[in-house]
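In structure tokens, the next block holds one chain alone, the form predicted alone.
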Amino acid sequence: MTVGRPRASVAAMASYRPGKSVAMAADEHGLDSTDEAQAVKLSSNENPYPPVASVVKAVAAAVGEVNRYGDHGAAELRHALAGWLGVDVGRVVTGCGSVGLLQQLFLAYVDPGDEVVYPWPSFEAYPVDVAITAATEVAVPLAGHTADLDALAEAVTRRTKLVVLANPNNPTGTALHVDRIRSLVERVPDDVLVVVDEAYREFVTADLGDPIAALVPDHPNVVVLRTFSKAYGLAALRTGYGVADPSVAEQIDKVLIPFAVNHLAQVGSLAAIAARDEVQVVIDRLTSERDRVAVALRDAGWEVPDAHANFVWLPLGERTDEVFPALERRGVVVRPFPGVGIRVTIGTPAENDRFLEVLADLD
């Protein structure tokens, strides 16, 4: 029985599903202690390595200050981001992860009944935010595991408020050059925001251009979102940032939950910016592993689209519902998209080897 009277759109919506933990998989499948000890979590696109030492040191030093609120506006962090990205500080916004900023965009711009257009499958938070705002979802099927930009442009109507494009796309890992994104932006009315969600940008090794430099200055309706969660190993601290036209940034800030970017998150993110050369070493290690895993899978006969993030995608279709529980029973926890495919996060070399070995046994 539901207590109270929740909004109809919320009562009907599905909750966001985080990646399953090893403990959850062990309980679900009855893994014994030996199996659980050897299990690996490759389900949440987390960085398997801790933050670099200087970031850990900075966060640890700030722990004694958590009796006080952090700066609600994260002013020092915004100025550091502006300097790093080469933009005016009035264009910079911060939030509780890029997903927090995404929800702020929905709250600031989307009224009940407005349309939100995005490729599908893509990030599972998109339909959640649609439901929260009682909007209308316009999910455009991918073409060859990649966003179909022509179809996205054609899906825009006078009721559309947002077009959201994950680049690289989650869960397929495919990515688009900024020139192709520009072609979409130029076909979208100026009063429709085009949100380029770049949560995995740092793992892109191809030259795809930079929408902050190439799109934002000439297109005030473009918003670019990024995060410290993935590449910088700060998933638990939740710092997202974005670059937008100052008028858009102002609206985003109006719906920022008080102190959403907490003090430790701000300290860690500032330290991460200062240590980005050290962080790049970790990123290079992960992209090298990603490429190794993708080649191994293709050599074994699996279809793997071009991978530009810190995960690989196996488009298994109906076989998904057979393969993913079999992997979990062997202690390899991945992210299933029922009837569509499996997303596998890149972990340490040993974790990746475990995945490849177990998958080979299932084939």
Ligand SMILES: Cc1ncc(COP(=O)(O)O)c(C=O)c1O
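Residue positions are given as counts along the sequence shown, with the first one as 1. All values derive from a computational prediction rather than experimental measurement.
Separately, the form predicted together with this ligand exists; it is not shown, and the next lines address it.
Site annotation in the predicted bound form: the residue of Q103, Q266, T133, S229 reaching within 4.5 Å of this ligand with a heavy atom is S229. Of the residues A166, A74, V116, V243, just one reaches this ligand in the predicted bound form with a heavy atom at 4.5 Å or closer; this is A166.
Exactly one of the stretches 202 to 210, 95 to 103, 141 to 149, 256 to 264 approaches this ligand in the predicted bound form with heavy atoms within 4.5 Å, and it is 95 to 103.
The closest heavy atom approach of F123 to this ligand in the predicted bound form falls within 4.5 Å. Taking the partner from elsewhere, R238 is found to have a heavy atom lying within 4.5 Å of this ligand in the predicted bound form.
Put simply, T160 is far from this ligand in the predicted bound form: not one heavy atom of it is within 4.5 Å. Among heavy atoms of T287, none comes within 4.5 Å of this ligand in the predicted bound form.
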